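The data below hold one chain only, encoded as structure tokens and taken in the form predicted on its own.
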């Protein structure tokens, strides 16, 4: 299946460039801030946007993203707001593919078919169900395919070769390689196990592989690219960049742009 996401990776591969995929927590600092941040990230060269759907029990996320989710929820975020946010971002001219990262509970509560239908109509391109095992995803896979959405899947360093092969075969868009068995968050260095995972996955499949969980500086990005990654996902360092401006949202956007520009440059 050819999708907007596969087209991006195909173009980047032909240009010998990696994908930069920043994570944005929907509703942190409000919807207008989210849309402006997404728009500015696209302008500086972000290739896709991972838009996080806030959830009250985000077990896969570290303290930075958990805090962003709690800020969003405490300000009144509802699941339906993510569709409004994507619709408005598209209305403002945003073209980059959008991957919605969600825990599975909110999807089930709305209804799997309904969620995928609304996401597609809003202008979303994929869903990343962070806590849904591949063996239990048949219903989501069908609903996503019916609505032209990619399903992005996680692969950890502890995933054995047989299971990794099955995940790669079932993945559309790109596979998300997890650098560590743990939660998201900034790290001083990426473990060798992450590099080994990338080399192993690259030898198994031609599916694009993006590395996340801990990616936060240019050295991390270059190491991931050298090991065979097709791109990187990063969020905690980006959130920390705009949060360092406190309540000055314009300065927060500026700091986020500066950080994102550095990360994107390292993919080239």
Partner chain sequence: MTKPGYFGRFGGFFVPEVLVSSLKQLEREYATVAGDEGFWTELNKLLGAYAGRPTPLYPAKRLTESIGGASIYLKREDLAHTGSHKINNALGQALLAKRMGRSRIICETGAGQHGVATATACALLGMECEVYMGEVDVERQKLNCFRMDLLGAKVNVVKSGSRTLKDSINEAMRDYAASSNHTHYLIGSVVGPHPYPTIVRDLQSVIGREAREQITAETGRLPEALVACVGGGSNSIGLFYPFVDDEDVKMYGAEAAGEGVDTGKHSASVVAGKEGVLHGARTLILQEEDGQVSETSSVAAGLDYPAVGPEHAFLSVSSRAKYFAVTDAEALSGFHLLSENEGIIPALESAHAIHLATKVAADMPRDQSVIVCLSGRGDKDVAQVAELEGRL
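Residue numbers count along the first chain shown, from 1. Bear in mind that the values here come from a model prediction, so they are computed numbers and not experimental data.
Here the subject shifts to the form predicted together with the partner chain, a form of this protein not shown in this document.
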Query raised in the report: Going by a heavy atom distance of 4.5 Å, is residue 56 a contact of the partner chain in the predicted bound form?
Result: yes
Query raised in the report: Is residue 133 one of the residues lying within 4.5 Å of the partner chain in the predicted bound form, judged by heavy atom distances?
Result: yes
Query raised in the report: Taking heavy atoms and a 4.5 Å cut-off, does residue 61 contact the partner chain in the predicted bound form?
Result: yes
Report task. Could you confirm whether residue 114 comes within 4.5 Å of the partner chain in the predicted bound form, counting heavy atoms only? Result -> no
Report task. Tell me the stretch among 142-150, 119-127, 189-197, 74-82 that has any heavy atom within 4.5 angstroms of the partner chain in the predicted bound form. Result -> 74-82
Query raised in the report: Would the partner chain be touched by all three of 104, 158 and 167 in the predicted bound form, meaning a heavy atom each within 4.5 Å?
Result: yes
Report task. Could you tell me which one of 39, 66, 240, 217 places a heavy atom within 4.5 Å of the partner chain in the predicted bound form? Result -> 66
Query raised in the report: What are the residues of 202-240, in order along the chain, with a heavy atom within 4.5 Å of the partner chain in the predicted bound form?
Result: none
